[in-house]
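Take a look at this single chain in structure tokens; it is the form predicted alone.
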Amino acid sequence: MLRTKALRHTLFILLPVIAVAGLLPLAYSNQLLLFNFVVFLTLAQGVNILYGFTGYLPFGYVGFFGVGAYGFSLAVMHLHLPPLAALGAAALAAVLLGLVLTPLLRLSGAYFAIANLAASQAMFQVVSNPNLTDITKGPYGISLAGVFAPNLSYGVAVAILALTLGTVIYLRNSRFGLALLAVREDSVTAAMAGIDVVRTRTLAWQLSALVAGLIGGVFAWYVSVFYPETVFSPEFSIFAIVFALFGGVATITGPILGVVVLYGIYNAIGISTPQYFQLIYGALIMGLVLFLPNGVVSLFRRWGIDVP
């Protein structure tokens, strides 16, 4: 039964999303816009893995993204690794940071969110330190012009999005995902039922960090020139969280809907007329909190439409 559901979700969600993301650049010339969509789709699903399945709200999620970008950059600049191998360094940097910050999982609610945000800002201060200019280039930014390859890096970003969606599909249809949801709802009862609470939370935390680190590395590869405040901007965390919450967490399609609707609105009116975007954006979020606290997906379910 679970395998059948997983296969159905793969065929009707993952494959169409990846096909659209992969083929749309052939018909649409603004590849940067499409790349940003892929980045936020991936980050929103990364937040979904952590918050949707464990209940931990990561305000500092951008820390993993930024560390992944710098892990990739340092591997290219100092180790002279090819880009695809340097992505391994990006993933490793994010996972190691996740291990270091694992004690934060002892916190909960606002305490975890604030501590996580503080940790991301601490990493920003480290990489932008002028005393580390020889290593991280400090506040003066990174230039990776020698490996600039927008078409290849875009394709790799789509592949990472596919792996991330596959992970969420697995969580939605596996015993491990059910164990995570049980821990989220009541950790004491879950522990009494034989679930290793610490292990399940830590694995979800590391999966979420890995996703952000990989897409952060690809972001550095794609843009090739960036500053610390670019890849450690809190906007990445805020947007990813809002997109996931708007669509509905602990689902597969919820974060996708959130990115398509909200980031679509942002690109339609947010750049040219930001004052109207802020008004519409605020109204949408207020309406969501008041009437759809479980996201847009819950509205479809009220209508009897089964949205995974």
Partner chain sequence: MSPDLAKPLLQIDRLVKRFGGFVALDGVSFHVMPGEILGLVGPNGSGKTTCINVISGLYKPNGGEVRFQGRSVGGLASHRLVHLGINRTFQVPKPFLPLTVRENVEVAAAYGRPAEGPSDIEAILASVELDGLGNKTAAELNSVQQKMLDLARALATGPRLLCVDELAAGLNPVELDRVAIRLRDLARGGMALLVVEHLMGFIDQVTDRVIVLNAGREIFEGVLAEAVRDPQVVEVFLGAAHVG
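Residue numbers count along the first chain shown, from 1. On a predicted model such as this, the values are computed, not experimentally measured, just so you know.
Heads up, the form predicted together with its partner chain isn't pictured, but that's what we're talking about next.
Peer 1: Going by heavy atoms within 4.5 Å, which of 193-201, 78-86, 223-231, 99-107 lines up against its partner chain in the model of the complex?
Peer 2: Only one stretch qualifies here: 193-201.
Peer 1: Looking at the partner-bound form in the model of the complex, is T189 within 4.5 Å of its partner chain by any heavy atom?
Peer 2: Because a heavy atom of T189 falls inside 4.5 Å of its partner chain in the model of the complex, the answer is yes.
Peer 1: Indicate whether E185 is a 4.5 Å heavy atom neighbour of its partner chain in the model of the complex.
Peer 2: E185: contacts its partner chain in the model of the complex.
Peer 1: According to a 4.5 angstroms non-hydrogen atom cut-off, is A113 in contact with its partner chain in the model of the complex?
Peer 2: A113: no, not in contact with its partner chain in the model of the complex.
Peer 1: Is V156 close enough to its partner chain in the model of the complex to count, meaning some heavy atom within 4.5 Å?
Peer 2: No, no contact at 4.5 Å.
Peer 1: Using a 4.5 Å cut on heavy atoms, which of V95, V147, A179, M123 is close to its partner chain in the model of the complex?
Peer 2: The residue from V95, V147, A179, M123 that makes the contact is A179.
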